[in-house]
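Below, in structure tokens: the form predicted alone, a single chain.
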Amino acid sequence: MAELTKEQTGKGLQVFENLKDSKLLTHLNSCVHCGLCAESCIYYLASKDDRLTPARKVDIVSSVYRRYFTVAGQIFPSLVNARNLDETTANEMVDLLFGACTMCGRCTMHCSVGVDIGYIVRTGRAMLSNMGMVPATLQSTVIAAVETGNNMGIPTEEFVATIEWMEEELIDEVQNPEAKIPLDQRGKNVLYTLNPREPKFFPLSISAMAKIFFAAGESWTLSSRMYDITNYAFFSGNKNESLLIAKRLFEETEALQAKTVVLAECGHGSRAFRWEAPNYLDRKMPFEIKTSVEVIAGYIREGKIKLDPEKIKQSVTLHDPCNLVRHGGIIQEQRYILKNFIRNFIEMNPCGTDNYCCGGGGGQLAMSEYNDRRMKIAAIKADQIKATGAKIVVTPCHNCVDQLTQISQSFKLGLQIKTLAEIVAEALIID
């Protein structure tokens, strides 16, 4: 790349200058280089390359901090491993922080001193974003969301036409003209969101959740203006763009006077809006926020929907999305749902908060530059699935669905990959 300008370097270092508290400094200075994080990282496990260990990712960010913001680093940089933020360092940061990390959080969970490694990686990504060094494919996804309101750039007319078509299909399936997919209706109990990959490539996921809402007698609506639950600026590290995307959904919820936002099956989208958006917006949300996983589990507990345990004959395993499970604490709800009607449910090993990342998170699926590396780490998940012997893999995250579908194809596993809503809708008993 061309030589970094002083302006670029200054913008990158602003991340350290604008600290509101000591959290970042605490984590930057806490790593004891014990190496436990290496065995928790799918990039290291797949490659055995020491350069890809989480500790190295922490170190490259902390080395830049030491160079510019500590006395020792300014006077004797080589003695404290302090690095200049130059082209070499910046390019290495791009490769390590964007190209070799899904921000899955498994390393943080295994860290002996509790260093929040994912937070440091996001900080490094924020520096690179300020410098205009986000990988072009990831940034293009963010730009599409900022400019069009959804990351796939779907025109409103196309979206509405898709919803109308899915409503017709739903009516035919349940044989009831009251089975609607409502749009832009005020005062409903639920505003449901979508991952734009659903209207673009997986419309059956929309009708699956609509079928569940119909069976439960839910009062709900979609918005034709702001339905995108994804927030890829969360991955790029750009706080201003993250804020803009979160603010749009916040304002649409208030405009439609919905009581609850139900987040579609998107791990990072759930995390970005439920847990991060209040920080971006600097306010508490005045409405309830739930994931579709929690809503479906609630319907079963309350007897609002019933499922046929004879419907799904094949063996089923569950992939736990990192952002939903490790970062979001949604662990038992999906298991409660599946065990309610799946006769042959097999857990992966490890599972739950210790489950391996599928390799598609952190923006990896959007960054074609790193496809080869992404599919190399996917071998770990392929082996994990094969060990279960399951024929169906269920996961409540569309990013994970895409990655698992590619894993099944690349490693010739012959699997069916389903969202949680899809397999529940398949087994619904409609009175």
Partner chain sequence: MTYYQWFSILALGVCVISAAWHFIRLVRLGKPEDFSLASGKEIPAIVYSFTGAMSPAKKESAFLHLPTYSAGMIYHLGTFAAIAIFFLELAGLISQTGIFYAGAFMLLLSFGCGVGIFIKRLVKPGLRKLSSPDDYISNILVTLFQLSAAIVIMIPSTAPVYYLLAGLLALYFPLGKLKHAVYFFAARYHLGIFYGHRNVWPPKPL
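Residue numbers count along the first chain shown, from 1. In this text, all values refer to a predicted model and were calculated from it rather than measured experimentally.
Missing here is the form predicted together with its partner chain; even so, the following discussion is about that form.
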query: Heavy atom distance at most 4.5 Å to its partner chain in the predicted complex, all of D21, H27 and H110; finding: yes
query: Contact of S78 with its partner chain in the predicted complex (heavy atom, 4.5 Å); finding: yes
query: Interface membership of E178, its partner chain in the predicted complex, 4.5 Å heavy atom rule; finding: no
query: Contact test in the predicted complex: R56 vs its partner chain, heavy atoms, 4.5 Å; finding: yes
query: Its partner chain contact at G389 in the predicted complex, heavy atom, 4.5 Å; finding: no
query: Contact stretch among 127 to 135, 243 to 251, 335 to 343, 162 to 170 - heavy atom within 4.5 Å of its partner chain in the predicted complex; finding: 335 to 343
query: Position in contact with its partner chain when the complex is considered in the predicted complex, options R83, H268, R326, H319, heavy atoms within 4.5 Å; finding: R326
query: Single option in V174, C351, I154, A216 placed near its partner chain in the predicted complex, where near means a heavy atom within 4.5 Å; finding: C351
query: In the predicted complex, residues of 282 to 310 near its partner chain [heavy atom within 4.5 Å]; finding: D282, R283, K284
